[in-house]
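Below, in structure tokens: the form predicted alone, a single chain.
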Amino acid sequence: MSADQAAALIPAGSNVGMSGFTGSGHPKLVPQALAARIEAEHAAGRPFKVNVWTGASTAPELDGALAKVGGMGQRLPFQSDPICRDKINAGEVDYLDIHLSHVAQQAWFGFLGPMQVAVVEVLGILPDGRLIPSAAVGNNKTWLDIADKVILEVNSLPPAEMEGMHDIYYGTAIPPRRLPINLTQPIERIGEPYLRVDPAKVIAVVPTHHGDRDTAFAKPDAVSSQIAAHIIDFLAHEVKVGRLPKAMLPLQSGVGNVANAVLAGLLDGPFDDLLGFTEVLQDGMLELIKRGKMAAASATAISLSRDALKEFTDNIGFYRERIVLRPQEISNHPELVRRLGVIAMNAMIEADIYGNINSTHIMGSSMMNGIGGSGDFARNGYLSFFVTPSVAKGGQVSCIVPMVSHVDHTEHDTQIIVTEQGLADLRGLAPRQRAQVIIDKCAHPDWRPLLQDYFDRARQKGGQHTPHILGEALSWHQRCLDTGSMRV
């Protein structure tokens, strides 16, 4: 049926599980048709909102379209759309920012309530009813299992040769019936290449022929290249002293330009036959595979720029042998991350002098995107890097501060902080030691004296385990809110 006909089957107030992870694999037409229906209902004076659950971020035709017409009551677990973000920060959308590895199990446990409808993009339907997954697996397995009703968008645009790239694990269970996940290598297959759905639940099939969000990445600049160089030098040193094997350990890289630039830096690094165990495979990791620096990668989604997507499509036979796509409850599973020894690299907004990390909020209160999978990998990785330029807004904001304005990752989960200024290895250091290393290695020279002054004065009063001057700790942020700059 048409997208309009399918959207008419979604009741107001529904919990709607939609496919999509980092701009790929999201339904393209039904959300827009639903937004048009909601707009018409509002014009007629009738309230209409739905709660939207996905794998991660989607695209303007989903998050943007529904947010623009005031059609979202609740959103989880991650978003990056500017319209949706504005609605969240205006208090018009209730946003649940959840660790990506937790979403499927919380839904299964019943913590989030029932799911009335799932809207899932697939690449095809087999004669026996099994489904060919799209470029993002995300939480689709769970949505198809727990939803009362299912709408399928069948997208004929992605290459049909993607069939077989997926590994859908159906061995998860609710405690106390859980069993160990028998994955011992990053690209090992433990499931099946197709999604399952009860045909009796499928109320609509909507044909589509539309591409994913092909966001272009900025080319690595001097700052991101310096960050990459610090990380590569550090990894080489860890190999030299025997704390890393020469063959390296699996890599995870978060979303964004800086993380992508770090991967680009590995192209000229001393490491070969790398493996990826990550949540989303972006341009940098695809280039590593293309150039033979990375042997293979496991992810839950492929999210590429237009040029990289053409490379992937033109050489799909090459990549389908080297990429495995899994549900995000496997790609981000804390036990697997820890056992496989993943090296995690994730971006942040700011860090404080003791190593607490803010990944999500601007000036303490305004949501940017969300925690995503960074917590899954940071707490459980063999090594964990948090990276950021040392300053923002033309130098008016320091990304190293006395106290972060919002805490996503505590100092207990932070091993290594990297800016273009240098790398702070915090392993085995007590709080005061950490503070000095972060100030010396990571702070911008314009801000280093101010941080040192704060730290020195804090050590002259109060408790000495983690010295702070509480009346000043967040004064930099308040000054920025008042004047637009952290500078005095």
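Bear in mind the structure is a predicted one, so any value in this text is a computation, not a measurement. For every residue, the number given is its place in the sequence shown, counted from 1.
Only in words, not in the display: the form predicted together with another copy of the chain, which the text now covers.
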Three-residue site 91, 181 and 430 fully in contact with another copy of the chain in the predicted bound form at 4.5 Å by heavy atom: yes
In the predicted bound form, does residue 481 have a heavy atom within 4.5 Å of another copy of the chain? yes
Indicate whether another copy of the chain has at least one heavy atom within 4.5 Å of a heavy atom of residue 102 in the predicted bound form. yes
Is residue 379 near another copy of the chain? Define near as a heavy atom within 4.5 Å, in the predicted bound form. yes
4.5 Å heavy atom contact, residue 333 to another copy of the chain in the predicted bound form: yes
One stretch from 224-232, 402-410, 131-139, 388-396 that, in the predicted bound form, holds residues within 4.5 Å of another copy of the chain by heavy atom: 402-410
Exactly one of 338, 189, 322, 293 has a non-hydrogen atom within 4.5 Å of another copy of the chain in the predicted bound form; which residue is it? 338
Find the only residue in 163, 97, 214, 287 having a heavy atom within 4.5 Å of another copy of the chain in the predicted bound form. 97
